[in-house]
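What follows is one chain in structure tokens, specifically the form predicted on its own.
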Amino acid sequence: MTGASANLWEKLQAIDRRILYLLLLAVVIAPLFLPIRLPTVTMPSTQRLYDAIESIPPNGFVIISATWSGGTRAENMPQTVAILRHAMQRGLRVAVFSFDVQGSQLSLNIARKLAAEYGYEYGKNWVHWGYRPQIGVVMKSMVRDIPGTFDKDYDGKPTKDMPVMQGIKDIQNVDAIVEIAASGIYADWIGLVVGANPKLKFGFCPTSVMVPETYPYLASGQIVGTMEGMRGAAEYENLLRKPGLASVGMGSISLAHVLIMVLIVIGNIGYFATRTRRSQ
């Protein structure tokens, strides 16, 4: 090994970490302005959630709980957009609410934007029940009395006489519940609500780190399908043939992974080359 090449490998092992951070920043930002369309393979769990929403008859009633905040917005917001878009594409009645204060406002903004896109009329086609504290109390109450549990909407207006609520008395009148969350709240839904209506379809949209713990419930059928982090949202967007923020974000994630793998390979080659040189 020549002196020049030996010097090169030593330099590669001592790259200033600020340069690495700049490289990472560049590969994360670049796809946001120059989107990379990567092929998408739909996971069975995503397909199952999509099929479950597809199976609901027109004018069916879907509850979407957006229990997330700004900290997980990158993953939970595209999930919320995708599931709301699907429900509105299919002409389903939609009720949105949240067990998180921030999630209530964020989901309201998303629902208003999509409602305008699909011509959904507030009070007739969709409603937002606002923020609800006390998870267990709300879930146990809605099993037997939905109008009484959600008697007012986000703005404090009575919901009882809204057309979207017509025929909705208890959990038996609900076709599906989709929870979008960064917590283990799915266990509360399964324990307190899902079993009360054997025909109810319960979907869950977790952040990526939570995905493995949901597999037993997917296998048992207690969760009908999942949308797993940003990847799951990108898959769902592909099924809807409506690429969005998740599809763009997957370009950033993929490039960042490639960069990290390349740096790991370079670092290891440099380490072994330097060690070989010193042993000679």
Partner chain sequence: MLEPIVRFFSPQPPAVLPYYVAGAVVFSILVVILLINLPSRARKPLIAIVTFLAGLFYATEFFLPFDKATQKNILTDYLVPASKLGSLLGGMTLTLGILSLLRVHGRNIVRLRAGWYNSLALLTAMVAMVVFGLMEKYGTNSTAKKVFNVLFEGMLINMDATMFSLIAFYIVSAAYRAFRIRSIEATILMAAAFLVMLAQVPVGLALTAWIPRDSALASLRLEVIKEWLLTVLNAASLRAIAFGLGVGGLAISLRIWLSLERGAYFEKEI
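Positions refer to the first chain, counted from 1. Think of the rigid core as the biggest set of C-alphas that the two forms share within 1.5 Å after superposition. Small disclaimer: the values here were computed from a predicted structure and weren't measured.
Separately, the form predicted in complex with the partner chain exists; it is not shown, and the next lines address it.
Proximity to the partner chain in the predicted complex, taken as a non-hydrogen atom within 4.5 angstroms, holds for one residue of V224, V248, I253, I63, which is I253. Contact check for Y122: every heavy atom lies farther than 4.5 Å from the partner chain in the predicted complex.
In the predicted complex, A52 stays away from the partner chain, with no heavy atom inside 4.5 Å. Although the partner is absent here, L38 is a contact residue: one of its heavy atoms lies within 4.5 angstroms of the partner chain in the predicted complex.
Y154 belongs to the set of residues with a heavy atom inside 4.5 Å of the partner chain in the predicted complex. The candidate stretches are 95-103, 80-88, 114-122, 173-181, and the one lying within 4.5 Å of the partner chain in the predicted complex by heavy atoms is 95-103.
With contact defined as any non-hydrogen atom lying within 4.5 angstroms of the partner chain in the predicted complex, the stretch 159-186 contains no contacting residue. For I36, the Cα coordinates differ by 2 angstroms or more between the shown form and the other one after the core has been superposed.
Remark: with the core as the superposition reference, the CA shift of L255 between the shown form and the other one reaches 2 Å or more.
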